[in-house]
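Let's start with one chain on its own, the form predicted on its own, as structure tokens.
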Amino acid sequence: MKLLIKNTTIVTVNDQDQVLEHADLAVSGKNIVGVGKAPLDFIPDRVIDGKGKLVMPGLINAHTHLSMTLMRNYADDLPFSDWLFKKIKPLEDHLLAEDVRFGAKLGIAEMIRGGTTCFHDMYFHMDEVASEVESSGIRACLTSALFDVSGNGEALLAQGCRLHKDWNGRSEGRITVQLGPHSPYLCSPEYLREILIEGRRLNCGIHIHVSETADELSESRRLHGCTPVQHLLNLELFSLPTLAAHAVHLEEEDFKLLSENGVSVSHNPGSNLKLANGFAPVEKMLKHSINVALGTDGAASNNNLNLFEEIHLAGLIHKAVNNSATALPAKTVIRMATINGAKALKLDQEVGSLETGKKADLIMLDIRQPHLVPCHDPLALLVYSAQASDVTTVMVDGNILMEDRQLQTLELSSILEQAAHQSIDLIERSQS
């Protein structure tokens, strides 16, 4: 289909970070063929009036655990270790494939409604997630959670490799697969070396939690005599493209090592705040030319998958932490939520900005809202004023997944009912 969005405001997030007013955007099939103006010979099958709307690249959630939606509002106001080991882990020990499937359906519906077009996931029973990604039309980079502290590390690694074999490149490239060692504290050095071997064989990237808590940093020093970042470097894990989730507690040398090794970081401000894990030194990371993306983490810790909320938090927190009103300006935060996420997932040649030749992964917001008028600066509007509920239309690969706030590929009412029932069933199973 050839689609033309006419007379709209376009936030391109290209190299010039252009904002185009009264502009057109043309889509042919899966790809963008015109930004600002349509090609002279472009004859659309459909025209969308973009007046009063803002078009931007779809948001990229660089770190989440999608099916934790079933654990939303279940374990709150707890220290991190109690939250993880006393509340969440007992539930995860009873996870079934159908739990993950219904949790994924719910999470995908939430993300699409909030303007997320691509996400980076780490969890269990990932075939179920891949299947829901395929049918829903969203884009995803998937990893199976890998750890060997429970004694089944080899089986988990085999599952992770099988996921790559079965799903990498599927759905016309919408699904990619990496390896997901959970963290240095749940993976022994020997196990991380095995994962590195498999990652090199598969030629894929790594998704791993790094330096999320102060306890993790101190324990790494006790066990390995160095920080988690230095530990992973010593194991040569960074020889593969790596996305480090959180990176809250970094020491001076860590910044240099992350930068020199091209490691991307997913900043997850909502989760870090709620679990009292601290403030990631994002401003300093950026000064070291580290690619920083944005993520929500899972809904068990956040408690939502709303990237506009993360955008808003990132735009505010670091001004206060750095005692500088110029820290993380709006343009920087928007890049973190779009093109930086694409770079972290090695998808920046395809998505993350609105440019001719790239995939048509985009969203439209209705900016004729009381909280969005007047629009002096579209970038500031997106960071400091916009809400997820302002998103009206979502497109991935040129396919419309939501229009006028109505999901096109998912049946929301049945998903809500099924997920609520499945959550209760999971909790009851874990307590029996």
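Just count from 1 along the sequence shown to find any residue number. What you see is a predicted model, and the numbers here were worked out from it, not measured in a lab.
What follows is about the form predicted together with a further copy of the same chain, which we do not show.
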Practice item. State yes only if every one of 372, 380 and 412 has a non-hydrogen atom within 4.5 Å of a further copy of the same chain in the predicted bound form; otherwise state no. Key: yes
Exercise for review: Select from the listed residues 362, 244, 118, 106 the one whose heavy atoms reach within 4.5 Å of a further copy of the same chain in the predicted bound form.
Suggested key: 106
Point to revise | The unique member of 101, 72, 182, 335 whose heavy atoms fall within 4.5 Å of a further copy of the same chain in the predicted bound form | key: 72
Check your understanding: residue 368: heavy atom within 4.5 Å of a further copy of the same chain in the predicted bound form?
Key -> yes
Review point. In the predicted bound form, does residue 353 have a heavy atom within 4.5 Å of a further copy of the same chain?
Key: no
Check your understanding: Would residue 302 show up as a contact with a further copy of the same chain in the predicted bound form if we use heavy atoms at 4.5 Å?
Key -> yes
Exercise for review: Mark residue 323 yes when one of its heavy atoms lies within 4.5 Å of a heavy atom of a further copy of the same chain in the predicted bound form, and no otherwise.
Suggested key: yes
Review point. Any idea which of 23-31, 396-404, 383-391, 48-56 reaches within 4.5 Å of a further copy of the same chain in the predicted bound form, heavy atoms considered?
Key: 383-391
Review point. Using a 4.5 Å cut-off on heavy atoms, what residues in 274-291 are near a further copy of the same chain in the predicted bound form?
Key: 274, 275, 276, 278, 279
